[in-house]
Ligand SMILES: Cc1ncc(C[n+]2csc(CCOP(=O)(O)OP(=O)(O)O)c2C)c(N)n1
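Take a look at this single chain in structure tokens; it is the form predicted alone.
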Amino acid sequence: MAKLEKPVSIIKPVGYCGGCGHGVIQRLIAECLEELGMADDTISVVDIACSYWSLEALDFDAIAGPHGRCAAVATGVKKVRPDKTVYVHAGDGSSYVIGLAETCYTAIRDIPITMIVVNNGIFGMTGGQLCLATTLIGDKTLSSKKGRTKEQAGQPVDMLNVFKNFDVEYVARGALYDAKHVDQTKRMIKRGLENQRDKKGFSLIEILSNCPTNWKMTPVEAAEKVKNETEKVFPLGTYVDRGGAK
């Protein structure tokens, strides 16, 4: 039986909540970069929210972008160091709400970075407030205690249906609620990094994740919610693939 080795890029444990998907995503990123031989030439850009932990956990050159500005910071890094692999690890609140303009213009400009957006339907780090783009109708949050309604906050928005209309390299959505979907998500992340290796354009991989702490669920209950509720609003799959990676 093959032995499961921890990626050498993960150098210390950090403070993700129990059952949170960020740690799994962090590991998938490290595995993909090491398997592709790209780990030594990588610069990561993390949000100053939950993904900030990976700045300390991973042995990469890294910078924390102000909340909502990760895509803009990554664009600047890539312009200055086009020889480096530049990826973003950020949340849905940062990427689709506060930083919506920055993410859209990075996509419109087809900047050759790999952007990984964690959709957990909430502003996690700041205590679990409603995320205008991704909180499901009926979900109770710190700022929607009776549950989100269409009249109060509108409908959640499938942002990949927006990004698929831009001339970008790759747009896909994965999930983490079982081993099969973790493997599929890993292939999506690797595809996004391969595109960058092959000097192709902008790649965005959204990942449906759970937030047991702020959802006030057990990790198993949270995974079931993603499978049975979140995925119906945000379907999995590849939305754009120009076929750039070899």
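Small disclaimer: the values here were computed from a predicted structure and weren't measured. Start at 1 with the first residue shown and count on from there.
This protein has a second form, the form predicted in complex with the named molecule, left out of what is shown; the following refers to that one.
4.5 Å heavy atom contact with the named molecule in the model of the complex for all of Asp47, Ser94 and Met125: Every residue of the candidate spot has a heavy atom within 4.5 Å of the named molecule in the model of the complex.
Let me know the one among Lys200, His67, Lys186, Arg27 whose heavy atoms come within 4.5 Å of the named molecule in the model of the complex, would you? By the 4.5 Å heavy-atom cutoff, the listed residue in contact is His67.
Which of these residues, Leu160, Val77, Ile111, Ile98, gets a heavy atom within 4.5 Å of the named molecule in the model of the complex? Of the listed residues, the single hit is Ile98.
Any non-hydrogen atom of Asn120 within 4.5 angstroms of the named molecule in the model of the complex: Asn120: yes, in contact with the named molecule in the model of the complex.
Of 28 to 36, 48 to 56, 173 to 181, 191 to 199, which is the one stretch near the named molecule in the model of the complex, taking non-hydrogen atoms within 4.5 angstroms as near? Single hit among the candidates: 48 to 56.
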